[in-house]
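As structure tokens, one chain now follows by itself in the form predicted on its own.
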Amino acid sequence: MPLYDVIVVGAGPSGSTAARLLSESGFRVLLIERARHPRRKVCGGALSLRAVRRYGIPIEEAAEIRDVFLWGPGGAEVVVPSDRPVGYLMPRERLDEILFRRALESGAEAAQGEAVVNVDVSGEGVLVTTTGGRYSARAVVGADGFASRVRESLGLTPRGWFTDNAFCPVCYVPLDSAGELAGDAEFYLGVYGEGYAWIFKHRDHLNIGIGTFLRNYKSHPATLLVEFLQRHSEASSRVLEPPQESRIVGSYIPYNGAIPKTYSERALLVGDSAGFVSTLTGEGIYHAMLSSELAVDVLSRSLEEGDLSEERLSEYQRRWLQEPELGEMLAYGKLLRNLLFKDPRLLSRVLKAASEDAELARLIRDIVFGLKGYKAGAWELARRIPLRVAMDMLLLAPGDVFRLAAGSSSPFFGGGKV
């Protein structure tokens, strides 16, 4: 008989959330993590207000995001001030450790320092083999990130996953090596195609990185990040001493939609392993935790019913597709991204219009920080932008405008369906 009810692989936000919720529901849970907490995770460390509020994330150690700076091609600049926080910044090693400890306090067991080698699913249960042992359970939750071993073992990784997604080089600069910033969070849009470069002011350092599709890097990502800081006049004034390439770290992120199938017999995939990352901004923490919340709700009832079949667990995919902050977010994020980054001239004109219209500037900020849903934000953006910019959109990207108006986009990676 399986030793555990559920094995959760990966102790990031999605995995620790799933382990905590399952343990609180009375199930015996093992949480497997290949590293040991606290461990570094390549990430900008931005926390949305919705993540903080919904999941009770403590902000005592976080830095507030109030003023936001946006830069676009052609020198367009927008500063969006705020008298209250629109988000927070917390190093991922600290956030992940907090969530991991919560899972343990709820009763979950942990196996740290063990990498998963393989996952076998049969009618009898699940067998997870790691570098430290073998563990059995009734079900498994794959929360092990972009290069998920659970997803690979189940044969659910889509073709092109590693070539048609994003890569982020990131560096950490001490505040004593920083110049003046125009905002607590600065975004440099259209620097390397779809996506952006960022400079985030944490409490004791700057977190600096680039997030764009792998295909947009014409040389090594670390080299391009250094060149960005050296050659971009706005960014170079923020960093007095650009970092050495050897101190830059990098990571893939799923920036192109969810995998076509996020469930299997006795198994569910959550967070980055399933592709639940904003297809507009690359935000993933909130969506990771939300996907785990939905997965646990489905899995808990399936465990109680004794039905862990593929058909029964397919309810999870139906649930997240209907959830606006997952299914709708993935689809409309792609539509907005394709439209705004279609042509540098268009992006520049949108930001220049925002520099002359404080309401438009706040709307763009609210879309970026998840204060406004993508679908509602897209329609409000259409009503708010000047007519001349709307005409530019029709001239420069007519197909994307019509697709956005029709909402015709797939939330799945590659545009496919199950």
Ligand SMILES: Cc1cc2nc3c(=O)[nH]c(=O)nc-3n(C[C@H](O)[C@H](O)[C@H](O)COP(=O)(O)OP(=O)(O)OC[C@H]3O[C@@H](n4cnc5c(N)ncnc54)[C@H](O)[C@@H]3O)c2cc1C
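We number the residues from 1 along the sequence you see. Fair warning: this is a prediction, and the values are worked out from it, not measured in the lab.
The protein also exists as the form predicted together with the named molecule; that form is not presented, and the subsequent description refers to it.
Using a 4.5 Å heavy atom cut-off, which stretch among 157-165, 324-332, 223-231, 245-253 contacts the named molecule in the model of the complex? Only one stretch passes the 4.5 Å heavy-atom test: 245-253.
Select from the listed residues Val350, Leu381, Cys43, Leu70 the one whose heavy atoms reach within 4.5 Å of the named molecule in the model of the complex. Spelling it out, the residue with a heavy atom inside the cut-off is Cys43.
In the model of the complex, which of the listed residues (Tyr135, Phe100, Phe200, Trp320) lies with a heavy atom within 4.5 Å of the named molecule? It is Phe200.
Tell me, yes or no, whether Arg92 is in contact with the named molecule in the model of the complex, where a contact means a heavy atom of each within 4.5 Å. Within the cut-off, so yes.
Even though the named molecule is not shown here, does Arg266 get within 4.5 Å of it in the model of the complex, heavy atoms only? The answer is no: Arg266 has no heavy atom within 4.5 Å of the named molecule.
Going by a heavy atom distance of 4.5 Å, is Ala288 a contact of the named molecule in the model of the complex? Within the cut-off, so yes.
Classify Ala11 as contacting or not contacting the named molecule in the model of the complex by the rule of any non-hydrogen atom within 4.5 angstroms, answering yes or no. Although the named molecule is absent here, Ala11 would touch it in the model of the complex, with heavy atoms inside 4.5 Å.
Looking at the named molecule in the model of the complex, which residues in 121-155 have at least one heavy atom within 4.5 Å of it? Result: Ala143, Asp144, Gly145, Arg149.
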